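In the form predicted on its own, a lone chain appears below as structure tokens.
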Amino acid sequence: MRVLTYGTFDLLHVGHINILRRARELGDELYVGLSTDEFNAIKHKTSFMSFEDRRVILQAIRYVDKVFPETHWDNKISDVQKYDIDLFVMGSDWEGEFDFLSEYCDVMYLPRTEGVSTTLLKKKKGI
């Protein structure tokens, strides 16, 4: 079974590792759509690390089998089809947002790791 998730994965922390590990445990392969810097700008987000640095870090994580760029919101259906995805997973903070993908694959929302997020880390460090 091939599993897909998306994210920015900036300032990698234990919450990121937890969702990647849990997603990978649900299948045989984990594909990650990594938000590009240009897509983050559209979402009014600024990453501390560049897309290329975030990609290198994700590719080094043993739970991740493939990393590809996420360039806009509308890629999800075509990515599911292109990569023959069986299960799409996201954090529970996105609950219901990607239910439209259930026409193409199973959709699951995983609980977030409490007390940690990139936003909190940035606030603590004044970034």
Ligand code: C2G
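These numbers come from a predicted model, not from an experiment. Note that residue numbering begins at 1 and tracks the sequence as displayed.
Omitted here: the form predicted together with the ligand. The next part is about that form.
Exercise: Lys76 in contact with the ligand in the model of the complex, heavy atom 4.5 Å: Lys76 belongs to the contact set for the ligand.
Contact label in the model of the complex: Tyr63 to the ligand, heavy atom within 4.5 Å: Taking the distances in the model of the complex, the answer for Tyr63 is no, it never comes within 4.5 Å of the ligand.
The ligand contact at His44 in the model of the complex, heavy atom, 4.5 Å: Contact with the ligand, no.
Any non-hydrogen atom of Leu87 within 4.5 angstroms of the ligand in the model of the complex: No, no contact at 4.5 Å.
Candidate from Phe68, Trp94, Tyr83, Phe48 lying within 4.5 Å of the ligand in the model of the complex - any heavy atom: Answer to the contact question: Trp94.
The ligand in the model of the complex - contacting residues of 12 to 36, heavy atom within 4.5 Å: His13, Gly15, His16, Ile19, Ser35 sit within 4.5 Å of the partner.
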